[in-house]
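Below sits a lone chain in C-alpha cells, taken as the form predicted alone.
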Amino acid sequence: MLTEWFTHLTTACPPLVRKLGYLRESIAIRSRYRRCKTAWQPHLESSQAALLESLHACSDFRTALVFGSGLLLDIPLSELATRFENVWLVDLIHLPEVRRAARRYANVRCLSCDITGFLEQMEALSPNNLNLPPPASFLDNPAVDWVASVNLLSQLPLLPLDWLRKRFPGIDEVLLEEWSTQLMRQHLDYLAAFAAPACLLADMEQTTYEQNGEVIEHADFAAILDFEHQALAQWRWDIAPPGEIASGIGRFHRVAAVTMKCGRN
C-alpha cells in the first residue's frame, strides 16, 4: 500500500486525468500484475509475439506509434526501438518506471494524449448530445509507418462512463451502452484511417466465473470488431485467477490480434 500511495503522490499527472481516476487505475493494474504475474505471462508473451508478427506488413520503419502503452508489459520495446527510427508510446499515464524504461532508448518518447477526445469535450456533453468528434491526432504525420492499439479498446469507455453517470444522475443506461459502443467503433475507424499497417490487440470476450466453472457474467465484443480485418491470433488471458476479484471468483478474457486495413494511400 505504501508503494501505491507514494506512486500516486509523485507521478506527474494533469489534475483532470488524476481526478477521473486514470492514475489510480494505472497503479491498480501494476498491483494486479504483481499479484498475478504467473497467470498473465502467457498473455504478455502472446501479445508481444503478435505485435512483432504484424511488423512484416511494414515497408518502412520510421515511426512506430503505440496506443495504450501502459506499463510496457505487453510491448516488445527493445525490438521496436531497434527496428524503428522513432517509437512513440501514447497513453494518458506514464508511471515513473515506464519513463525510466523509455529513457534507455534515445529514440523512444512517452506522449501523454487522450485519443478519444473525451477530456477536451466532456464539459460540453449532455444526455442530449454525447457526440465526440472523430479522433485525428497523428493522422497528418506521414512518417508513421506502423500503429498498434494494445489491450485498450474495451477500456476506452470505462472511466468516461463513470463520469457521465455522476454528472447526469439517472441517465439512460441504454444510451450509455450505445455511446460506449460508438466510442469503440470510432477507435477502430481511427486506426483504419492511418496510411500505415495497424495491429489491434483487443478483448473479444470477457467472462467472469465461479471456481466450479459456472459463468456469472459474459460480455461479447465480437460484433464491435466484426472481423472484416484479418485475425493474426487469439488466446485466453487469465486476468483475474479465482480469488483475485473475490473468494472463488475469477475472470478471463479472450484476446484477438487483428491487422487493420489502411484507410488511406
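Not measured: the values here are computed from a predicted model. Note that residue numbering follows the sequence shown and begins at 1.
Another form exists, predicted together with a small molecule; not displayed. Remarks below refer to it.
With the small molecule left out of view, the stretch that reaches within 4.5 Å of it through heavy atoms in the model of the complex is, among 22 to 30, 192 to 200, 205 to 213, 55 to 63, 22 to 30. Shown alone here, Gln121 lies farther than 4.5 Å from the small molecule in the model of the complex, counting heavy atoms only.
In the model of the complex, the small molecule stays beyond 4.5 Å of every heavy atom belonging to Ser180. Contact annotation for Leu132: none of its heavy atoms lies within 4.5 Å of the small molecule in the model of the complex.
By the criterion of a heavy atom within 4.5 Å, Asp145 is excluded from the residues contacting the small molecule in the model of the complex.
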